[in-house]
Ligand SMILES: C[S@@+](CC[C@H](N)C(=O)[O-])C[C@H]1O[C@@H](n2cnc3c(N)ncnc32)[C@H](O)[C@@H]1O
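Single chain ahead, by itself, as structure tokens, in the form predicted alone.
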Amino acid sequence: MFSVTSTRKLMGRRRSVFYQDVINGLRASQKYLFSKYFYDEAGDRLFQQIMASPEYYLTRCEMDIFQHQSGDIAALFEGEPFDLVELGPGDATKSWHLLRELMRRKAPFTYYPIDISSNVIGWLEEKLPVSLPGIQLQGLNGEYLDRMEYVEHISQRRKIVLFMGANIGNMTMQQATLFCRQLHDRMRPGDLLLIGFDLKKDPRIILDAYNDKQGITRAFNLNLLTRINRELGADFDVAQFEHYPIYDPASGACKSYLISRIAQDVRMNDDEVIHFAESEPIYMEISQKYSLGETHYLARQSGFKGVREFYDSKKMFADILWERLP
């Protein structure tokens, strides 16, 4: 149990890291912000709205997989007791189907959802024991790799890791390879990784998913500026920035920017001034799309082998099970 003092120190350290990340990003020659900071309370709420929007097909496609194929997935997990570690679970509406199936089969497992959002973890710890009575659950708030090391420290059981929702797409190909190698290093031979990939498809379908007509994705991106104002003492005029997404069908990279409408200065915490030229962009996030061949290459490069692929009915999305090699 953390004391009040230690909790405040932890919050202070996280706020300090947030501030330094923002300053470093906005001082760069090509300004950027880390997408992981989208997820404050308002950002969590907006992302739930994005996932429910007509244009955002990803959630519906992956839900299709888990509603209809959780039995097949769960069968591949059977055996000795295991820890089910989910990275970035959101509200767990998709993994809920898998959790229910595992409990129906009386599988011996503990569920460890890991999320940078304390709001998400608090919600899961409150709601899942109600909808899935008897579930063994320990929510962990923090960075994925750090919290995975903690799970390995407290439990020697085999690990099955879920990294779904096309979260791997929030990285470039190079970053994804490094991240998967880091996952490999925190797993043991024979451990499993179920990873969700948004597959390359009609470019118009992809771009519309990040530029919905209701403007929810726009609000989601702009909310990060509002968060910086509130938590870091900045004075962004949010109305002077516009959301701009682009998609390159050759590389599969869908990128989002915030564009400064005018030349302007933004003050940070009274001691930093960031200048923006008119039309200068802030790079906000990438949503990388994959061909099936590229997923196979990523597995080989990061020390895994493919076990099985699960597709939605339209084959627009794939959840692919990998096994960690020695």
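Just so we're clear, the structure is a prediction, and the values are computed from it rather than from any experiment. Each residue number is its position in the shown sequence, starting from 1.
Separately, the form predicted in complex with the named molecule exists; it is not shown, and the next lines address it.
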### Message
Give me the residue from E143, E242, E101, D208 that has a heavy atom within 4.5 Å of the named molecule in the model of the complex.
### Response
E143
### Task
Could you work out which of P89, G169, G252, G139 is the residue within 4.5 angstroms of the named molecule in the model of the complex, going by heavy atoms?
P89
### Message
With the distance limit set at 4.5 angstroms and only heavy atoms considered, check whether Y39, D115 and G165 all reach the named molecule in the model of the complex.
### Response
yes
## Note on the structure
Which of 252-260, 197-205, 67-75, 81-89 lies within 4.5 Å of the named molecule in the model of the complex, heavy atoms considered? The stretch 81-89
### Query
So in the model of the complex, does any heavy atom of V120 sit within 4.5 Å of the named molecule?
yes
### Query
Heavy atom to heavy atom, is K159 within 4.5 Å of the named molecule in the model of the complex?
no
### Query
Quick one: is F47 in contact with the named molecule in the model of the complex, heavy atoms, 4.5 Å cut-off?
yes
### Query
Taking 4.5 angstroms as the cut-off for heavy atoms, does M51 touch the named molecule in the model of the complex?
yes
